[in-house]
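Okay, here we've got a single chain as structure tokens, the form predicted alone, with questions on binding and movement later.
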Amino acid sequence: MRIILLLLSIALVSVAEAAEYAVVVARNSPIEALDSERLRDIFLRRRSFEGNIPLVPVNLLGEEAVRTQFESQVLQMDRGQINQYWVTSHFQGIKPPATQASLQSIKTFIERVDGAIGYLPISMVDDGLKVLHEF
């Protein structure tokens, strides 16, 4: 009985640790994977190319859970730090990523705009998208 309980608790921990969201690009993108550091640089507009591929990062507008989790886990910043970063960057001529009002519009943007990169719940990822990073 103890073994069964131990196995069940291990299984529950594994499920709880499964990624809920993914950074994605269009299926036809030549980019295969990006680590957290590169993603951070892309979304903070410190990096605008991957090789010779121009990148177009896109954020969800507002404070939805997926954006908050992305900012915390990938950018390693809270909303106050991000706002301060963009105020400072504005005076250096650096603009924040494009925004979309809904997860569906982010998905459509990524599928239609060359070089677009964004994040979505894993449940929205289909054949038209390629996962680069899960968080």
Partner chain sequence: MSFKAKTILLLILLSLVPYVVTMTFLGNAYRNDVENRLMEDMGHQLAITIDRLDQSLQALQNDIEFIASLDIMNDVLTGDLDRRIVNLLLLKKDDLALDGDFDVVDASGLVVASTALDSIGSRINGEPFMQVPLFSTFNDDNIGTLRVRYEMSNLTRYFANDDNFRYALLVDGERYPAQMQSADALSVSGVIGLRPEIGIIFEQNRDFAFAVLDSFTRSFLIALTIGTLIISAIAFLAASYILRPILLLSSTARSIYKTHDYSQRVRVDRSDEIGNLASAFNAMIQGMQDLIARLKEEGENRLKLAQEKNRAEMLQTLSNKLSKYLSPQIYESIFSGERDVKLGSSRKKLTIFFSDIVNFTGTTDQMESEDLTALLNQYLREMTDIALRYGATVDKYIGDAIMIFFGDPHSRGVEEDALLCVEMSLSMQRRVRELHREWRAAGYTKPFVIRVGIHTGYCTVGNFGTESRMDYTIVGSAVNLASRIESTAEPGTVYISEDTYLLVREKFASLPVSKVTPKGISQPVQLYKVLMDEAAERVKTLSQDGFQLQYQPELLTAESREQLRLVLEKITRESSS
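Numbering follows the first chain given and starts at 1. Keep in mind it's a predicted model, so treat the numbers as computed, not measured.
Although it is not shown, the form predicted in complex with its partner chain is what the next lines describe.
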*asked:* Within 4.5 angstroms, counting heavy atoms, which one of the listed stretches 81-89, 54-62, 68-76, 34-42 is next to its partner chain in the predicted bound form?
replied: 54-62
*Contact test in the predicted bound form: N28 vs its partner chain, heavy atoms, 4.5 Å*: no
*Contact between M124 and its partner chain in the predicted bound form at 4.5 Å, heavy atoms?*
no
_Contact test in the predicted bound form: R46 vs its partner chain, heavy atoms, 4.5 Å_ = no
*For A101, is any heavy atom within 4.5 Å of its partner chain in the predicted bound form, or not?*
yes
*Can you tell me which residues in 110-135 come within 4.5 angstroms of its partner chain in the predicted bound form, by heavy atoms?*
R112, V113
